[in-house]
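Okay, here we've got a single chain as structure tokens, the form predicted on its own, with questions on binding and movement later.
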């Protein structure tokens, strides 16, 4: 798998979401941030909006669940049309069982780690996943600055993924710009979530192309 760009609709214009989404059809996926005001101090959207979005665009939807009790709620996002669902290991009660359930429903299963959560304790879980998400900001709000302290963890995650083999994507999310995407790609990431850098641009499609170009060159 090559470089993949996931524009985050958290930075899009919610009043004109379908229009904004149509401007980034050169991206690989749409990233949908779901927050419940419990696991993180922010409230965004839920499964009904995901279902509506799926009807408005042919692009595959990648739902990042920043919510409590994902064991209970995550399958509903597959039912709503998400092709990939990522849960936080800090919130999951049975991450292996949940990953297997999501995959059995036909979705890609992702597991996310907050910046302070080490990857090593979950090394044995990696073969159960399709994607590992390393957060490079504290989850909850868009527009935050990239945390350089996460780069060593990205490198360690890449080493573990290479050791286990398989096709598990290494995604990073938070503060991704044309500068930071290069450092993340050098560290081993191959899937990149970008919100402000895309939808804050005058030309979101060109921003997607530039991010892909920078990451590919660095990789």
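Positions refer to the first chain, counted from 1. What you see is a predicted model; the values in this text were computed from it and never measured.
Although it is not shown, the form predicted in complex with D-xylitol-5-phosphate is what the next lines describe.
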query: Is there a heavy atom of residue 201 lying 4.5 Å or less from a heavy atom of D-xylitol-5-phosphate in the model of the complex?
result: no
message: So, residue 102 and D-xylitol-5-phosphate: in the model of the complex, are they within 4.5 Å at any heavy atom pair?
response: no
- prompt: Contact between residue 75 and D-xylitol-5-phosphate in the model of the complex at 4.5 Å, heavy atoms?
  reply: no
message: Check residue 208 for me: does it contact D-xylitol-5-phosphate in the model of the complex (non-hydrogen atoms, 4.5 angstroms)?
response: no
message: Counting any heavy atom within 4.5 Å as contact, can you tell me which stretch out of 22-30, 50-58, 174-182, 161-169 lines D-xylitol-5-phosphate in the model of the complex?
response: 174-182
query: Pick from 91, 109, 119, 135: which residue has any heavy atom within 4.5 angstroms of D-xylitol-5-phosphate in the model of the complex?
result: 135
query: What residues in 141-165 sit within 4.5 Å of D-xylitol-5-phosphate in the model of the complex, counting heavy atoms only?
result: 141, 142, 143, 144
